[in-house]
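Just the one chain here, the form predicted on its own, laid out as structure tokens.
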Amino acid sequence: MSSTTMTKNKKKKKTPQSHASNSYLRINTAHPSPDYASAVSYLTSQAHSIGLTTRTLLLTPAAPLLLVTWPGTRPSLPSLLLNSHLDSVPAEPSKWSHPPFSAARSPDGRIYARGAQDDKSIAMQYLEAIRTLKNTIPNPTRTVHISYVPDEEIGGADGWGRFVESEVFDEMRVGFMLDEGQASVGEEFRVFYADRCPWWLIVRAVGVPGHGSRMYRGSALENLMRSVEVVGGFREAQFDLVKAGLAPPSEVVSVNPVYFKAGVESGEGFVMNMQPSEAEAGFDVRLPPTVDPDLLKRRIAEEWAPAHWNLTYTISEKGPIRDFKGRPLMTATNDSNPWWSVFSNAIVAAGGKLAKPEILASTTDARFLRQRGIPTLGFSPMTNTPILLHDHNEFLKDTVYLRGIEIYEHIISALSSSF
């Protein structure tokens, strides 16, 4: 079905759509105790009200994964997958103007809730877009799936990490996936073709202990401070590229210190007249897929934590940076990817405009698909909206939410066609 035909035939029911989203926002799916059962139950009821089939997978106990399916007339075609995660990060209620799971609406249409942007909005927009499309066609050409997955906010090991290895996933024959993106403060929709990969780096130092008054070389803290100074210089050089406009933040390697641990504790704090024999620091490192990970590992070994400074280190790689063929973990945004042209043309047909494709500064479940060589884009249709994911007073305006449904109607209509 063409986008033009869809636009002529669709009938909007904006108030019920907005109310449905609010109901989902009121379910507390924040860690450490997300109410997955209520979320899955609610989404299942919404899917059934549209006439979609559902399947709940328990790949991990207490972490259900909901799979919603709109069967296509040509199931032999690679399927379209729309992804959203069920969980959200915690909120500090005392720092919010409204309770974070109240879905309170301000007079100007702002809906305040944890997950309003990240990413319960797209979870409901998928369903509401299909609800409208089913008024004109009973089934698409290619099968459309929606996956609602657990544990994205804590790494996804028990969500997509298990799902992508399952027989159910293989049977879906996914050809393309849309996952979450981020809000745009301007008029253009943002789209992401890659994520940065997180490494958690811990540097440990040892040295000779001694009295707090002594001045000598080789103490643990001195050795660690030398490492921190070198890392800080690298961080500043990367930041200079961003400040000079030579690279966006997501295309450099970010290194941020997250903790320091040292000192000899006593009942009243730390022993102030004793230099400790051990110290360590933790860094959150984010690599764009354009960076050679082996070169960075060499830099860490030779410059950041050299053994001759009595330093050791560990790296916890929290995601792949290469796909199964050893290629950078990126989705093409040119004519070599037929899904890209259909997606981008659908945005234009909906009256929207795409910004230059970006690398996402953080990490999403999209990496699991890209590692398998499946083209995946990050996209959340939120324009003229401040970026508030994981922030206090996270909100999304009702008009932006409803406009997003219209955008997905065009996208799903186009991508579920045969081409």
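Source: prediction; values computed, not measured. Quick note: we count residues from 1 along the sequence shown, nothing fancier.
Omitted from view is the form predicted together with a small molecule, to which the following refers.
Which one of these stretches, 151-159, 120-128, 325-333, 297-305, sits within 4.5 Å of the small molecule in the predicted complex when only heavy atoms are counted?
Looking at the partner contacts, the answer comes out as 151-159.
So in the predicted complex, does R367 come within 4.5 Å of the small molecule, heavy atom to heavy atom?
R367 belongs to the contact set for the small molecule.
Consider S45 of the chain shown here, and say whether it contacts the small molecule in the predicted complex, taking contact as heavy atoms within 4.5 Å.
Looking in the predicted complex, residue contacts with the small molecule do not include S45, since no heavy atom lies within 4.5 Å.
Counting only non-hydrogen atoms and a 4.5 angstroms cut-off, does P198 reach the small molecule in the predicted complex?
The answer is yes: P198 has a heavy atom within 4.5 Å of the small molecule.
Even though the small molecule is not shown here, does T363 get within 4.5 Å of it in the predicted complex, heavy atoms only?
Answer yes; at least one heavy atom of T363 falls within 4.5 Å of the small molecule in the predicted complex.
Of H390, K353, R372, R55, which residue is found within 4.5 angstroms of the small molecule in the predicted complex when only non-hydrogen atoms are counted?
Result of the distance check: H390.
Using heavy atoms only and a 4.5 Å cut-off, determine which of R204, H98, R286, R110 is in contact with the small molecule in the predicted complex.
Of the candidates R204, H98, R286, R110, R286 is the one lying within 4.5 Å of the small molecule in the predicted complex.
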